[in-house]
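First, one chain by itself: the form predicted on its own, in structure tokens.
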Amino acid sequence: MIASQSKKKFSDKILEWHRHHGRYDLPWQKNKDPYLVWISEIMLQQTQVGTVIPFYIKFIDRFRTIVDLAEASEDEVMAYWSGLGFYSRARNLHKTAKIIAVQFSCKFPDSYENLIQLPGIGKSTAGAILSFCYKKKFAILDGNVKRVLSRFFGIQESINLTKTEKHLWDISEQLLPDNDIDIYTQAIMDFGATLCTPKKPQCDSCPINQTCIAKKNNLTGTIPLKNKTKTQADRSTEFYIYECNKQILLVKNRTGVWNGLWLPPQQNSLSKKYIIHKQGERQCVFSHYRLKYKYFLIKITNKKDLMVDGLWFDWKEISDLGLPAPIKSLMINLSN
């Protein structure tokens, strides 16, 4: 149990630091509408702020409300998400928008019990929505907060472990101030994102450095500790890009990290001889493996020669479709 005096000193210093050094100009800070906060929190999972901002602005410009998102097609949602990665987040956004539209009459839930039941909303995201939008006393534990607390309390167990995460949740909840919960939530996130950074933290400028165990023991380079995840072997595939009358054939993928996105067929579907107009090799890197792929541009005169189900699109439609970013880039280059 953290002493009340220590708890108050910690939260007060974080709040004081934020008054002078916090971030106040992020696009999702302009309006504490829970819908907008929710979109930003999902986008920010495993993705840096600088990457998220242009995607967020474009996404919100198209899907301004829960209704807009709920009524959109999956294809359109995926198209606006293309390039952000971790596409299950987009699918869950769409599912949750539909649930809120039907079960909650388009009104965003304001209780933890209801929020935690929605696809893609975990304990930390629920806490962020409740504290930011409803000023309710709930903790968060995103990557930034884990790093700050692990260093300050000198936690040297892997944060991947369930028991360590539970311990960090206990600490995070105990440190919550009685007032200004929304400001404190933003403050501790900003603190980790801009001061107590993964590499080269600015310890000399830190207002809590005198009581930070990692700083005292020169452990900021090793805390937080993560168990190394097993790296999977490289994977490989092929993409057959069939063109007929200035249209290309795409199929909806239903497996893996690109589930729900459009792709060219991954196997040869022609029963007769063909000429390859362009070909090459590329690769893209995921969190645990690298995908190497060959591509072949094949022009045909009769769509019926193909033995595969899919849809034909004009080349000019590619930029507006929900394709994985590396495949979309490839297709756009081939169209020029």
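Nothing here was measured: the structure is a model prediction, and the numbers come from that model. Heads up: residue numbers just count along the shown sequence, starting at 1.
Missing here is the form predicted in complex with the DNA; even so, the following discussion is about that form.
- The candidate spot formed by 26, 49 and 257 lies fully in contact with the DNA in the model of the complex, as each residue has a heavy atom within 4.5 Å of it.
- Think of it this way: in the model of the complex, the DNA has a heavy atom of just one of 175, 118, 214, 250 within 4.5 Å, and the residue is 118.
- Checking 278, 30, 294, 288 against the DNA in the model of the complex, a heavy atom within 4.5 Å turns up for just one residue: 288.
- Partner contacts here mean any heavy atom within 4.5 Å of the DNA in the model of the complex, and among 242-250, 136-144, 69-77, 104-112 they occur only in 136-144.
- The DNA is not drawn, but in the model of the complex it has no heavy atom within 4.5 Å of residue 266.
- Heavy atoms of residue 325 reach within 4.5 Å of the DNA in the model of the complex, making it an interface residue.
- Using a 4.5 angstroms limit between non-hydrogen atoms, residue 87 touches the DNA in the model of the complex.
- Contact annotation: residue 209 falls outside 4.5 Å of the DNA in the model of the complex, judged by heavy atom distances.
- Looking at 121-142, the residues that come within 4.5 Å of the DNA in the model of the complex, counting any heavy atom, are 121, 122, 123, 124, 125, 142.
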